[in-house]
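We begin with a single chain expressed as structure tokens, specifically the form predicted alone.
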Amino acid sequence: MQMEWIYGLIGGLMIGSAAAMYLLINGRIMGASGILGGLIDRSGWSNGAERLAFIAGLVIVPGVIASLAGGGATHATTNIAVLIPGGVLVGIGTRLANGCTSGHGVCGISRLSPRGIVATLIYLGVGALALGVLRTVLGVI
């Protein structure tokens, strides 16, 4: 039996635990796009240091863990013509949906939020459709 699934289990437990602690300690939902958006539009500058620490942790900790584990394999495309529009579309989508995967998928579903459940179903469905079109029809991934 392959053991790679254990990394997903550990990562999921870490994300879920972080979301629970953030809610219990701060009384707020751990939505990465909302935390970053508050820094960008200046609405969250009252707790800017906390927001910056959160974003820094999202960027730095995976890099540190990957370097300690001997690197991390990725299956992301190296096609820049796919990566940049994809990133822009994800940013637009998080603004339209008033949240991202951490806000809706992790925190929304765990709180049985109808908006979180619907948003998660929509972004998973659209992601699967986009992958199918980009891989099989256009052949860019």
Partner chain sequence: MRMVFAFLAGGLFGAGLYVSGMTDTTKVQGWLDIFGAWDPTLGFVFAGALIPMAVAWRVAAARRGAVLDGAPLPAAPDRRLDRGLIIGSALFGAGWGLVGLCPGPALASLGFGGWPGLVFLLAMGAGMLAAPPVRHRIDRRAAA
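If you superpose the two forms and keep the largest set of C-alpha atoms that fall within 1.5 Å, you have the rigid core. Keep in mind the model is a prediction, meaning the values are calculated, not measured. Residue numbers count along the first chain shown, from 1.
Keep in mind that the form predicted in complex with its partner chain is not shown, yet the notes after this line are about it.
Would you please decide whether residue 139 lies within 4.5 angstroms of its partner chain in the predicted complex, comparing each non-hydrogen atom pair?
No, no contact at 4.5 Å.
How about residue 44 - does it come within 4.5 Å of its partner chain in the predicted complex, if we only consider non-hydrogen atoms?
Taking the distances in the predicted complex, the answer for residue 44 is no, it never comes within 4.5 Å of its partner chain.
Scan 36 to 68 and write down, in order along the chain, each residue with a heavy atom lying within 4.5 Å of its partner chain in the predicted complex.
Contacts from 36 to 68: 36, 37, 40, 41, 49, 50, 53, 54, 55, 56, 57, 58, 59, 60, 61, 62, 63, 65, 66.
Inspect the rigid-core superposition and answer whether the C-alpha of residue 110 shifts by 2 angstroms or more between the shown form and the other one.
No; that C-alpha moves by less than 2 Å between the shown form and the other one.
Do you see a C-alpha shift of 2 Å or more at residue 91 between the shown form and the other one, with the core held fixed?
No, its C-alpha moves less than 2 Å.
Would residue 32 count as moving between the shown form and the other one, using a Cα shift of 2 angstroms or more after superposing the core as the test?
No: residue 32 shifts by under 2 Å between the shown form and the other one.
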